[in-house]
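Listed next as structure tokens is one chain, alone, in the form predicted on its own.
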Amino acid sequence: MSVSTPDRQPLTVSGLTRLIRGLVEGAPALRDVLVEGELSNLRTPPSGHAYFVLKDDAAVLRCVMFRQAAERLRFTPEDGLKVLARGSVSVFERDGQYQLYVRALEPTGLGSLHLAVEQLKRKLAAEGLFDPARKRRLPLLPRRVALVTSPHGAAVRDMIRIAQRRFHGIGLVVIPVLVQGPDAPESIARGLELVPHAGADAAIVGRGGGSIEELWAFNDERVARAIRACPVPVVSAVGHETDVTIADFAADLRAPTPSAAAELVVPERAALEDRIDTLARRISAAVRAKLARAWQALDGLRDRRVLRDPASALAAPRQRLSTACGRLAASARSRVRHERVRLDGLRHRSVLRDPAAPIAVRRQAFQALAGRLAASGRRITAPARSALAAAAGRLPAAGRMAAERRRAALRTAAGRLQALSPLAVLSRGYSVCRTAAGAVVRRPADAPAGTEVDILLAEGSLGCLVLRHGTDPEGAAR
């Protein structure tokens, strides 16, 4: 069967691919589709486009999301995430594969905003931005408080009103920022950077209530990092008590509402005045009590004898000192007399008059002792020398006798060995008959007729052939 036909022209690969692409793109059902699946093989090159596949248990679908659509995502796509993708189906001619061009993407189950908050929370927590050890305490009485919020909302009016009511005349500075919209995160971050330049030693950042979209600026990473970078303590006051944002975790303290934030930062003047009065009374009472104890101690010292009559107090110590000095002088004189007598006695000793005489006496006694020691040594060793000389005389004779006994024993043993030697038996006319293998022939059966045997004599040997057997000793083989 022929492949080509005269009435049909073949298509090129690219032509067929374009034809399929046209059919796919022309299908109304494929222009706007919703596909649910699991994200996998996600790639985000520097171009900003996102390439990934959606898969389920039975199939895989290639997808591409261009940069403009990817930048609008409220969450970060991750492998393994269940998502719902919206887009159109077309054919990528270079690879000849169809793929989904995604215009919108959102996670299934959790909303994209909620997922984005959870992802950012995990990231910043891992960096330690929410570490309780990094939280700073609010000053007891701030000199100036910065309000980083919208200048037109009800929240700023409530904070100013409550702050003035609690402590009239406290310093307040409003740093106006955007609190919603795409430019709000950058505006809030810049406002927090101005806090130290405003001379404030505490700051409140927040706004009134609203939807999650309206509060979204306070879930931005830039705002969280600006809060931690601010050099003074920051209180987060976003929305109502049930509204929780990333800014609440990053701040040093969270207030459920802007009004509550003003109450936390600004102390109540009346309470401070009461506390100051109480402390002043306590200090006054403590000072009075200490002064009373001091006067009492002074009165006690004033009644002491040593202060009334110092000279009488020194009389007894002066007398004891005089007595001790007298005893010390007497003791010194007695010791000098004793040493003088001892020195006089030493002068009259002969050893000091003629030191050589005692040495001569000692030398003479030593020489006499040495003479006696030598004579005693000779007396003690004389018997030992005599015994040694006698033993030296007896030693050669004893050696000769011992040698003669050993020679006699050797001759006796040699005679016995000669008597037991097989060669001695052979010298008496006997012989030993052995087979060619070297076995000794003891009976006729050991050497059958025709066997070659060796006859060992006293001198030499004979090679013989066995001709017959017999029991008569006279009939030996020849």
Partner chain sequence: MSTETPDAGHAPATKFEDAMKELEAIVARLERGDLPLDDSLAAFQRGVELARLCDRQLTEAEQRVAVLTADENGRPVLRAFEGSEKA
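It should be emphasised that the depicted structure is a prediction, and the values quoted were computed from it without experimental measurement. Residue numbers count along the first chain shown, from 1. For the two forms, the rigid core is made up of the largest set of C-alpha atoms that agree within 1.5 Å on superposition.
Missing here is the form predicted together with the partner chain; even so, the following discussion is about that form.
Asks: Could you check which residue among E404, E241, E127, E273 gets a heavy atom within 4.5 Å of the partner chain in the predicted bound form?
Replies: If I apply the 4.5 Å criterion carefully, the residue I get is E273.
Asks: Out of R143, R337, R134, R347, which one falls within 4.5 Å of the partner chain in the predicted bound form, going by heavy atoms?
Replies: Going through each option in turn, the one that passes is R143.
Asks: Check Q164 for me: does it contact the partner chain in the predicted bound form (non-hydrogen atoms, 4.5 angstroms)?
Replies: Taking the distances in the predicted bound form, the answer for Q164 is yes, it comes within 4.5 Å of the partner chain.
Asks: Using 4.5 Å between non-hydrogen atoms, is S211 touching the partner chain in the predicted bound form?
Replies: S211: no, not in contact with the partner chain in the predicted bound form.
Asks: How about A198: is it within 4.5 Å of the partner chain in the predicted bound form, going by heavy atoms?
Replies: Judged by the heavy-atom cut-off of 4.5 Å, A198 is in contact with the partner chain in the predicted bound form.
Asks: Using heavy atoms and a 4.5 Å limit, would one call V156 a contact residue for the partner chain in the predicted bound form?
Replies: Yes, V156 lies within 4.5 Å of the partner chain in the predicted bound form.
Asks: Okay, which stretch from 218 to 226, 281 to 289, 68 to 76, 241 to 249 lines the partner chain in the predicted bound form, with non-hydrogen atoms inside 4.5 Å?
Replies: Among the listed stretches, the partner-contacting one is 281 to 289.
Asks: Along 35 to 62, which positions have a non-hydrogen atom within 4.5 Å of the partner chain in the predicted bound form?
Replies: Result: empty, none.
Asks: Taking the rigid core as reference, does D277 move its C-alpha 2 Å or further between this form and the one not shown?
Replies: Comparing forms between this form and the one not shown, the D277 CA shifts at least 2 Å.
Asks: Can we say the CA of E214 moves by at least 2 Å between this form and the one not shown when the core is superposed?
Replies: Comparing forms between this form and the one not shown, the E214 CA shifts below 2 Å.
Asks: Inspect the rigid-core superposition and answer whether the C-alpha of V266 shifts by 2 angstroms or more between this form and the one not shown.
Replies: Yes, V266 moves 2 Å or more.
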